[in-house]
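Take a look at this single chain in structure tokens; it is the form predicted on its own.
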Amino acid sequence: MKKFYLTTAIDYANGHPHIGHAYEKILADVICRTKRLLGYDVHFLTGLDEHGQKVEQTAKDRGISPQMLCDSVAKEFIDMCALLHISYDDYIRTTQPRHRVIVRDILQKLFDKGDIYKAEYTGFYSTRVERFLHEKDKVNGVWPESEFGQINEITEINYFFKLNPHKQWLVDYITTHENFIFPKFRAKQVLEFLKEDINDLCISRPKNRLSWGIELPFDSTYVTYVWFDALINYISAVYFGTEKFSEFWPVDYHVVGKDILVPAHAIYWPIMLHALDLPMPKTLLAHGWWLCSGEKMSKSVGNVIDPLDYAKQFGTDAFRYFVLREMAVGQDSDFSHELFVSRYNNDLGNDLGNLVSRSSHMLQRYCGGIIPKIMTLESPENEVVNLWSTIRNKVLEAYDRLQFHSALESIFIFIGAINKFLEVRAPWKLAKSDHPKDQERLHTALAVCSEAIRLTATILMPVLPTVSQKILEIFQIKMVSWENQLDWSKECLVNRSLAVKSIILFPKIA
């Protein structure tokens, strides 16, 4: 089987799940579900970043150990993934021994190669983002307090990882590998950052300032800087140096928010991998932000959306549908309750939910709950069959290009066509006729409708895994892959008994 490895940014153990975390996991999950249905051997990694000054300080403020804090936060994020039906294969925590061992091994390798050195440094340090700031971080000559919080000037001796010697290599790599950063306009931002010299990365913190971290293997008086530590998880999780690592590396898609693309994931991480003589990730996928009335969501502004509330109240699949339908991957998008309700009631309730409900009801009423055979196809039926061929190809291409909003738009065009087909054929009128030809049309119309619904549920599976499975269970179908399941079939559903008489998939929101 073809291998496929996807990683997400690991969440930081000093906060709670928000819509950005939820969207990133859902986006990654849909990509992985699609690949599995296409026959790939998928390894989907996510996890939690547990070290650093903010974690240590928050734990101290609460009167608990840093590990206790991380354990409680890990549960929140794991519970979020469960609620959102995130099908990850591995959940890594940077306090796990498997990670710690590889971090120390890599540090020693880079130290032995001369890529890590010790020096005194004076700089301005932001505890909020846990790094030294540079002139290029300033906006209109000052460091924004809203982004960096309190800033202190610090002079101390630390260990540094050489970045600048690799800068030209990285520029050349980004320039010659057009698929390395998605969307492509983000690559221009990275290259703009690289126009100037880049400071070497301070990869240590003295224990007298921070003790919560992975101890340097070559100096026990220091711990590893949290960002250097965290970026190694993507290789430690697949057991760097083992056969499993060689099976899955390099990463096919690394999914991160646009705010942490530069410098961490598009500069620090590639240079770290290059220094280790490892292949680069195939694509860094930087997604956008969810906004509220055009503004970034913020607790201080009071416009934060709790994704878990929406998933619990209206259903996980409805929430998954909304965020994928509304956001073009890589762009920003607005979230509003009104827009969510509109999508839920119109797309999911009226179009999809009502189609499944009334079709199953008519099959029970007019066919005794047994799906009839497709007889002679006339013009209305042929329009549906031909449209499916076009829609299927469009959707699969959109899935492959990560254009999930376009894929869903196409699917719901097909759903609209099925609903229109039912209005044209009007089975409730044909049922009143005793003419054999009308009875044949009645059975054919309901059979065509059933097959169209089966195909719709099948191709919607990555986005609506629970609802799609419920729909397929109505027809008593179990599906594990898309092989031979996306082709129009006259025989697939013939003589199957409906498992339920009626079903309401999306109760209307008042």
Ligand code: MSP
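Values in this document were obtained by computation on a predicted structure and should not be read as measured data. Just count from 1 along the sequence shown to find any residue number.
The discussion below concerns the form predicted together with the ligand, not included here.
A.B. asks: Which one, 282 to 290, 95 to 103, 112 to 120, 345 to 353, holds residues whose non-hydrogen atoms are within 4.5 Å of the ligand in the predicted complex?
C.D. replies: Flagged stretch: 282 to 290.
A.B. asks: Suppose contact means a heavy atom within 4.5 Å; in the predicted complex, does that hold for all of Asp11, His18 and Gly257 with the ligand?
C.D. replies: Result yes, every residue of the spot touches the ligand.
A.B. asks: Wondering, does Phe319 line up within 4.5 Å of the ligand in the predicted complex on heavy atoms?
C.D. replies: Answer no; every heavy atom of Phe319 is more than 4.5 Å from the ligand in the predicted complex.
A.B. asks: Does any heavy atom of Thr224 come within 4.5 Å of a heavy atom of the ligand in the predicted complex?
C.D. replies: No, Thr224 stays farther than 4.5 Å from the ligand in the predicted complex.
A.B. asks: Using a 4.5 angstroms cut-off on non-hydrogen atoms, would Asp49 count as touching the ligand in the predicted complex?
C.D. replies: Yes.
A.B. asks: Just checking whether Leu107 would be counted as a contact of the ligand in the predicted complex - the rule being heavy atoms within 4.5 angstroms.
C.D. replies: Leu107: no, not in contact with the ligand in the predicted complex.
A.B. asks: Considering non-hydrogen atoms and a 4.5 Å limit, which listed residue (Ala230, Ile203, Ile271, Ala237) is close to the ligand in the predicted complex?
C.D. replies: Checking each option against the ligand in the predicted complex, the one that comes within 4.5 Å is Ala230.
A.B. asks: Which pick from Met297, Ile151, Cys367, Ala74 sits with a heavy atom within 4.5 Å of the ligand in the predicted complex?
C.D. replies: Only one option qualifies, and that one is Met297.
A.B. asks: Any residue of 89 to 108 with a heavy atom within 4.5 Å of the ligand in the predicted complex counts; write them all down in order.
C.D. replies: Read in sequence order, no residue approaches the ligand (within 4.5 Å, in the predicted complex).
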